[in-house]
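The chain below stands alone and is given as structure tokens, in the form predicted alone.
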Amino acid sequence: MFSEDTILLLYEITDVIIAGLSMGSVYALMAVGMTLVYGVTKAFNFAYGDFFNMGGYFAWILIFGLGFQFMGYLGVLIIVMPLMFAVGYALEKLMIAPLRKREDWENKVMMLTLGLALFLTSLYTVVFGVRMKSLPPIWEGTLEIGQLVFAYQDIMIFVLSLGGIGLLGWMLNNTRIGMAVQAVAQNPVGAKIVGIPKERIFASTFAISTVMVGFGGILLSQKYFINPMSGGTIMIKAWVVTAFGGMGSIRGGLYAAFIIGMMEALVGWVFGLSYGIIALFILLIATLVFRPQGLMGKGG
């Protein structure tokens, strides 16, 4: 019915779709964290990509540096995720919270986090060197369906990313802290009047976003290498996804993440992997020119 070349093309397209969904799910994980912290605090975190690296490096230390392979990824996540939360919470309380008492604090926070990004990049270089590092696959092997072959690793990345997003959604809608986060995002003054500790919610939101991007760092470090400079690339991608989806719109960020993941996979398949970042910049420019509020953001 189909020629051999057509069947081969269909297999390649299927591989591209799987790769796009896998990448898109991790982009969604990161975009949700960035959108959440921006929606609540109205401040932009330029160190976001370096927190991605931090999650990957923490996992690498546990697995290879301390020899905790026997724990598996579940044990690694049990240790790393609370650690990422503590780092995010402490940084917000010690460095960002004092700036909110000053005029034009949003710009001061951006400059602070940009300096923090440069510091973390230098710290990673000193501690880990410039050589690339990666994590072992969370699940080795492949799933064969007829002539189609799917890596279990890609499937697990997709499932775990959606699981992380679903867990965050459940927390926002079914817990007191989640409802407090939504209240502060919608009306900070009203939330403070009814007794919600706004400063604590700001710190918790920043910490949650740090956990989300650190989780993404652990997942992607299985497929791609991490090095001290890779945080900058991740920062660009997370920002493009967030801007394309609409600043402050979690649903828009989810849609944008999968669109960009599929676009990047398709461009890489047709033109080569190096053209993926070029396509991102073209998409960003087109978004800023034709729809600056993004897919589902509000104009302002």
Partner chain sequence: MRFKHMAIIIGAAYGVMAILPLFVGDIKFVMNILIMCLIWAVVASCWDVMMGFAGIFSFGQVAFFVMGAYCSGILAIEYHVTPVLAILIAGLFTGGMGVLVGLPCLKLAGPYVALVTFGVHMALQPTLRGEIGIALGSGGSVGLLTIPPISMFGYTFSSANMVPTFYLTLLVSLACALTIMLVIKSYWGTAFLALKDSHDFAMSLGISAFKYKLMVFALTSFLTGIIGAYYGHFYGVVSFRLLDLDLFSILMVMMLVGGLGHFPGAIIGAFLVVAGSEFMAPLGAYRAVTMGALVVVLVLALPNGIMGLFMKNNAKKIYGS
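Small disclaimer: the values here were computed from a predicted structure and weren't measured. C-alpha atoms forming the largest set that superposes within 1.5 Å between two forms make up the rigid core. Residue numbers count along the first chain shown, from 1.
Same protein, other form: the form predicted together with the partner chain, not shown, and the subject of what follows.
Option touching the partner chain, based on a heavy atom within 4.5 Å in the model of the complex, out of 111, 90, 162, 79: The residue in contact is 111.
Which of 225-233, 133-141, 211-219, 151-159 sits within 4.5 Å of the partner chain in the model of the complex, heavy atom basis: That would be 225-233.
Residues 58, 62 and 266 all lining the partner chain in the model of the complex, heavy atom within 4.5 Å: No: none of 58, 62 and 266 comes within 4.5 Å of the partner chain in the model of the complex.
Contact between residue 123 and the partner chain in the model of the complex at 4.5 Å, heavy atoms? Contact with the partner chain, yes.
Within 4.5 Å, heavy atoms only: does residue 119 come near the partner chain in the model of the complex? So residue 119 counts as contacting the partner chain.
In the model of the complex, does residue 277 come within 4.5 Å of the partner chain, counting heavy atoms only? Looking in the model of the complex, residue contacts with the partner chain include residue 277, since a heavy atom lies within 4.5 Å.
Contact of residue 18 with the partner chain in the model of the complex (heavy atom, 4.5 Å): No, residue 18 stays farther than 4.5 Å from the partner chain in the model of the complex.
Note that the partner chain is not shown here; using its position in the model of the complex, name the residues of 74-108 with a heavy atom within 4.5 Å of it, in sequence order. Stretch hits, in order: 94, 95, 98, 99, 101, 102, 103, 107, 108.
Once both forms sit on the same rigid core, is the C-alpha displacement of residue 288 at or above 2 Å between the shown form and the other one? Yes.
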